[in-house]
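So this first bit is one chain, no partners, the form predicted on its own, shown in structure tokens.
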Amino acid sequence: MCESNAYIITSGKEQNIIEGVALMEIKGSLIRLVSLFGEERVIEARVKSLSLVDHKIILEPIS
């Protein structure tokens, strides 16, 4: 499977916010993440990095 886990940088550390991300939509400063199981998170952040090999989406909050 090719789903990724999404993390947000908090106090300099990666914190897992949702696993098995199958869909990511970006609308302005909002990022909508939906997992294979229908779990949904909408967060105000920006994409810091995306590793397709490691299946990781790294986000950083917008201050």
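Everything numeric in this text was worked out from a predicted model, so none of it was measured. Numbering starts at 1 and runs along the sequence shown.
The form predicted together with another copy of the chain is left out here; the points below concern that form.
At the 4.5 Å threshold, heavy atoms of L52 reach another copy of the chain in the predicted complex. Using a 4.5 angstroms limit between non-hydrogen atoms, V21 touches another copy of the chain in the predicted complex.
Contact between I57 and another copy of the chain in the predicted complex is found at the 4.5 Å heavy atom cutoff. At a distance threshold of 4.5 angstroms between non-hydrogen atoms, K48 is in contact with another copy of the chain in the predicted complex.
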